[in-house]
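The data below hold one chain only, encoded as structure tokens and taken in the form predicted on its own.
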Amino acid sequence: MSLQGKTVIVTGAGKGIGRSTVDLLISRGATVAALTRSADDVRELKELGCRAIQVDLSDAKATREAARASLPADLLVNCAGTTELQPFLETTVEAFDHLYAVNTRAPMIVAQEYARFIIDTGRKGAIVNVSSVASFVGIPDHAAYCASKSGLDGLTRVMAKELAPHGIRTNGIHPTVTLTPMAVKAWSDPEKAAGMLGRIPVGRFADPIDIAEIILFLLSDEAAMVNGISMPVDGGYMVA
């Protein structure tokens, strides 16, 4: 699957799934407009040849400005995400609002600016929203995270219906625990990790490249008839 000559916006491009996706896209000939929060990541991404933009996606105004600065682009990967571990009864409004801002609102804003550009220029495009199996399953201490990813799924379904007539496919993918820095933080307790691993038939957590390969497929012309799906990438977790 080649993306030679294509420009892809990737949010959360500095680490984890986002960084693996950037590396894979570049290897397949794409140019990447990379959005990330870290100045260090901006420097590294620029060294790879990316058009790197530093932005705090919890800031709606800054997110819209960064999205516009990422254009022109052919494809979009909404990969950025954050979490904060709190039991439901201790979930704070501040944490809830922050996770919704980054995990749900920011993808909406970036996708709006991208889609307007694609429609205005008469192109065709594709969007991949990186959700989580946490949108399907209640995971202790992840109330705000589960809610924010479920919200992203709702957006994906509406985007798939409204944007496809304009030539833009939208799909969601739902990784299980993927060994990113955020996941290592969330699943560092061996007892907690063992319970999750015990429900994954393939017997391991995902690596970022496992997810990046599926993102590449959904962006590619090989997936031309794939629109509106919620695709678990979970080693069988959902059927265990």
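Position 1 is the first residue in the sequence shown; the rest follow in order. Keep in mind that what you see is a predicted model, and the values were worked out from it rather than measured.
The same protein also exists as the form predicted together with a small molecule; that form is not shown, yet it is the one meant from here on.
ask   = Which of Ala126, Val130, Val110, Ala144 has a heavy atom within 4.5 Å of the small molecule in the predicted bound form?
value = Exactly one residue meets the criterion: Val130.
request  = Report the residue, out of Ala80, Leu99, Met159, Leu75, that has at least one non-hydrogen atom within 4.5 angstroms of the small molecule in the predicted bound form.
outcome  = In short, Ala80.
task = Can you work out whether the small molecule is within 4.5 angstroms of a heavy atom in all three of Asp210, Pro232 and Gly235 in the predicted bound form?
result = No, the candidate spot makes no contact with the small molecule.
ask   = Would Ser38 count as a contact of the small molecule in the predicted bound form, using a 4.5 angstroms cut-off between non-hydrogen atoms?
value = Contact check for Ser38: yes, within 4.5 Å of the small molecule in the predicted bound form.
message = Using a 4.5 angstroms cut-off on non-hydrogen atoms, would Asn171 count as touching the small molecule in the predicted bound form?
response = The answer is no: Asn171 has no heavy atom within 4.5 Å of the small molecule.
inquiry  = Please determine whether Thr176 contacts the small molecule in the predicted bound form, using a 4.5 Å cut-off between heavy atoms.
reply    = Yes.
message = Residue-level contact is defined here as any heavy atom of the residue lying within 4.5 Å of the small molecule in the predicted bound form; does Ala183 satisfy this criterion?
response = Answer yes; at least one heavy atom of Ala183 falls within 4.5 Å of the small molecule in the predicted bound form.
key: Candidate stretches 66-74, 188-196, 26-34, 51-59, one within 4.5 Å of the small molecule in the predicted bound form by heavy atom   = Single hit among the candidates: 51-59.
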